[in-house]
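Starting off, we have a lone chain in the form predicted alone, written out as structure tokens.
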């Protein structure tokens, strides 16, 4: 499997490093990534982390914009200015930098969450609260869809 799936919480060591979960490291290795690209998520206090293909995907989207319009400039500012490369050491650890901590609120533990082609890094309590909100929104959608189907069959 070459997708980031599942979740894990790992403790940050005294040198500010955290072990990337083994199943995530396996995906990184299978996909041949030497570095990880990390981007501050736009709408939540998390880092989106993936290989260079994640950065490529964003840059391809920027290239579709008129370079003389503000949108292209804003997108570049976000993708390049709010992004950073993270280096995995030989033991599969990354350093949790101030860049990461300031956006996420991470202090002593990191919650890793698979998102398919990338993963996210969260402060565990913020992730728990976000997960509750996501499930509540999805439950509402399911209930509305059920109500709409029931109304059409009457």
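None of these values were measured; they are calculated from a predicted model. Numbering follows the first chain given and starts at 1.
The same protein has a further form, the form predicted in complex with another copy of the chain, not shown here; the description that follows concerns it.
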- Task: Using a 4.5 Å heavy atom cut-off, state whether residue 131 contacts another copy of the chain in the model of the complex.
- Result: yes
Wondering, does residue 32 line up within 4.5 Å of another copy of the chain in the model of the complex on heavy atoms?
-> no
ask   = Is there any non-hydrogen atom of residue 114 lying within 4.5 Å of another copy of the chain in the model of the complex?
value = yes
*asked:* I'd like to check something about residue 1: if you look in the model of the complex, is any of its heavy atoms closer than or equal to 4.5 Å to a heavy atom of another copy of the chain?
replied: yes
Those residues of 113-150 with a non-hydrogen atom no more than 4.5 Å from another copy of the chain in the model of the complex are 113, 114, 115, 116, 120, 122, 127, 130, 131, 134, 135, 137, 138, 139, 141, 142
